[in-house]
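Given as structure tokens, the chain that follows is alone and in the form predicted on its own.
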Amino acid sequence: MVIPLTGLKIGMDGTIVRLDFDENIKERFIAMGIIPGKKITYVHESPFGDPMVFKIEDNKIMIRKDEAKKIFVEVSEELLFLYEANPGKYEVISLQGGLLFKKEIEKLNVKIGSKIEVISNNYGKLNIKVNGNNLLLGKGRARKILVRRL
């Protein structure tokens, strides 16, 4: 699946497929190492979401969101935050909150690698099933849980 760089979630990676810029701008990005065929990882987001920080090999590169929309990557699977999930089964990939959040959510048996079932999603308020137990999660907590559809 080919998506723009802005479609990646933190921790997700893809292979650069194409750059949709004019030739002079495209050369600037190629000089920075953004070359089709290279693996790129989304590592950090600034407080207001712009610029975005990516890692290519050992280098970190900051790219404005408007420019990231014009760089396309191939991803093998799409990750999404739990609040975006439709009913179905998912695997937890990452917990992206602080230490307190991680402790609290792990007490509910939501851990990295655990399987969860989204029963309903009402605008980010989720009813999920984990290890046979039903839980209700608010949108704030669900925004910090990165999942992959099974």
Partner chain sequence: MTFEIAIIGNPNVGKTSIFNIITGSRQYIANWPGVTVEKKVGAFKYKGHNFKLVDLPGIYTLSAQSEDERVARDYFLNEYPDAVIVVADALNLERSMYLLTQILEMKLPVVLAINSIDEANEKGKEINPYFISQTINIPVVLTSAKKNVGIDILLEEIHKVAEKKLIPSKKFPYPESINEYVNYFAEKIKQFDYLKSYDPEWLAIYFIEFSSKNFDYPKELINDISNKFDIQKLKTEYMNWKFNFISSIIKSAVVEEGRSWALRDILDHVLTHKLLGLLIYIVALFFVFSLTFNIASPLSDLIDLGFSSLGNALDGIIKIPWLNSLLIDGIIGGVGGVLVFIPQLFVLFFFMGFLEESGYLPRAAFLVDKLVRKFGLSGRSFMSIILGFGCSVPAILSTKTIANKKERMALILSVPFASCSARLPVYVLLISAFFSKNAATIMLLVYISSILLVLLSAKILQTFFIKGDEVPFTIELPRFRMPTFRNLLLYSWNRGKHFLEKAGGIILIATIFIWLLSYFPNNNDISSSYAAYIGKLFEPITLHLGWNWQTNISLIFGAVAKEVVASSYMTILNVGEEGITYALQTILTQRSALALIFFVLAYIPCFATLGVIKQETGSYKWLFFELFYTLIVAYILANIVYLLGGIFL
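Because the structure is predicted, anything quoted here is derived from the model rather than measured. Numbering follows the first chain given and starts at 1.
Not on display, but discussed next: the form predicted in complex with its partner chain.
Its partner chain is not drawn, but in the model of the complex it has a heavy atom within 4.5 Å of Ile25. Within 4.5 Å of any heavy atom of its partner chain in the model of the complex lies no heavy atom of Glu84.
Among residues of the shown chain, Phe48 is one whose heavy atoms approach its partner chain to within 4.5 Å in the model of the complex. Contact between Phe29 and its partner chain in the model of the complex is found at the 4.5 Å heavy atom cutoff.
With the partner omitted here, the residue from Leu108, Ile112, Ile61, Ile119 that has a non-hydrogen atom within 4.5 angstroms of its partner chain in the model of the complex is Ile61. Contact check for Lys9, Asp13 and Ile40: none of the three has a heavy atom within 4.5 Å of its partner chain in the model of the complex.
Of the candidate stretches 121-129, 84-92, 62-70, 100-108, only 62-70 contains residues with a heavy atom within 4.5 Å of its partner chain in the model of the complex.
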